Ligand SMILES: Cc1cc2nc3c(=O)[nH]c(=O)nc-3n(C[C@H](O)[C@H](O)[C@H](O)COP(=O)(O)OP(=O)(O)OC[C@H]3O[C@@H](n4cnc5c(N)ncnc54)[C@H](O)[C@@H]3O)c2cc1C
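Form predicted alone, single chain, as C-alpha cells, below.
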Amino acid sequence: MKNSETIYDTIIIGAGASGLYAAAQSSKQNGLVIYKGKNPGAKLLMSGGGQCNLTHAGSIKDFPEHYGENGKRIRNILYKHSNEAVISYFTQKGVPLIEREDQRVFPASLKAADVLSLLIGESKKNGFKLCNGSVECISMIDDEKAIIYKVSGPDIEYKCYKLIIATGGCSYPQTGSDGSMFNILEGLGIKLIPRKPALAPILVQDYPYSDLAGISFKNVELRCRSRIVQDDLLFTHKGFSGPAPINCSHLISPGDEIQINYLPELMDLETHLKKIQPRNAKQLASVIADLRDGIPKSFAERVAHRAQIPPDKKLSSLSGGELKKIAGFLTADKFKTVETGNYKTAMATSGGVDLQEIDLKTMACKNHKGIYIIGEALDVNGDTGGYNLQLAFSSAFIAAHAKKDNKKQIRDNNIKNK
C-alpha cells in the first residue's frame, strides 16, 4: 500500500528482535515498522529452537569476549543496555524468565511466541503500525527544513524523519532476512564487510559418524586456526554441530583443519591408559565408554574400528602403538573441513555494515545522520548463548533513545556528503 503523504516520525525496516525492540522501547509517536515475509518476527520465533534464548546471565563485563575481534568496540553498546536491563524489561512487562544451569536466559514458558507477542504489543502502544512490504530503494528528500527519507518498493512508498535499519543478515532467508538490504546500503555509499554464514554446522571430509547422528558430548575442546573453544558438540548426519563447532564456523574456510578433544579433562590419556592397562581384562570399547560419563558404547566401538582394533579386544593385550592410536582419536581427532553450513542452516551472519560507518554512541550512520543501523546488520556476530539477541536489544535501545539531531544540522551534514 503506497502512502506518500504522511511523514512518519520513525520508520523501522525489519520486524525481528532488534526492529521490534526499538519500536517497543521508543517514545510514543507516529511510527511504522516494515517487515518482509509472511509475518513479523519469523526469525525470532525460531531462535533458541523456538524457546528464545534472550540473553546470558552473569557480568556484562564478560560479554565482549564472546563477539570476536569487534567485541571491545561494542563494549559500551552492551554496557548502556545490559543483560540485567533486558531481563528487567521483560520481567516487568509480564514475561517471566528462567536461567538455566549454563546461564542462558529464556522465557519461563519456553515459548518464543510470548516474547514476540509482548514486543508487537508494546510497539503498537507506542504508536507503531506494522506493514508488510519489500523495500528496494532508500532515497533522500530535501524540503529545505529537514532531510526526509523515502523508502519505497513495488507496493510501498513511505517517508520519515528517522530511519532505523534492522533487517538482520542473510541467515534463514525464508523468514525475510535475505541480505537484500546490504545492496541498498552499499548504494548509499555505506562501507560493508564481506558476509559469510556464522553459527553454522561444520562439514568435514570422510566424516565417520553419520549413523551416530544425535549423539552429543558435554564440554569438548575444539581447535580451529588460533581459536580454542570448550563447549558441547553434537553429531549430525552430515557433520558437527552444537555450540563448540558453530561458534568457530565463521573463522573456518574449506581445507582448514579442526581438532577435537572429547576428553579435555584428561591431561594425558595415553599415560592414563598405560597406567590402568596391566591385567585389565575389560574390552576396549567398555574402557573407552568408562572414561567419562555420557560416552555411548556405539561411539566407543566406532573409535576402536577407526583405530583398526577389535572393540572386544582386552585392554591388557593392546600394544603401545594401539594405545597411542586410541588416545589420538579421543583427544586429537583431526578433520579437514569441506565447508560450513549455508545461510539456510546458519543462525547468524558474519560481516555486514562496517562499524567505522556508525557512531556507536547513537547507532547513527556518520554520513547519513537520520539513518540508524542496529542488530545483525552490523559487522558483529556473537557466540551462541543469547549473545546475538543481547546485541540486538542493546543496539535497538540506543537507537530508539538517541536524541534527534537538529534538523538543520541533519540537512547540512547530508548535503556535504551528497
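Since we're looking at a predicted model, the values are computed, not measured. Numbering starts at 1 and follows the sequence shown.
Another form, the form predicted together with the named molecule, is not on view; read the next lines as being about it.
Residue contact with the named molecule in the predicted bound form: residue 18 places a heavy atom within 4.5 Å of it. The named molecule is not shown here, and in the predicted bound form it never comes within 4.5 Å of any heavy atom of residue 301.
The named molecule is not drawn, but in the predicted bound form it has no heavy atom within 4.5 Å of residue 350. Put simply, residue 135 is close to the named molecule in the predicted bound form: some heavy atom of it is within 4.5 Å. Proximity to the named molecule in the predicted bound form, defined as a heavy atom within 4.5 Å, singles out one entry of 283, 175, 261, 236, which is 175. Comment: the named molecule is not present in this chain, but in the predicted bound form one of 32, 389, 371, 358 has a heavy atom within 4.5 Å of it, namely 389.
Comment: 43 to 51 is the region of 358 to 366, 43 to 51, 24 to 32, 57 to 65 lying near the named molecule in the predicted bound form, near meaning a non-hydrogen atom within 4.5 Å.
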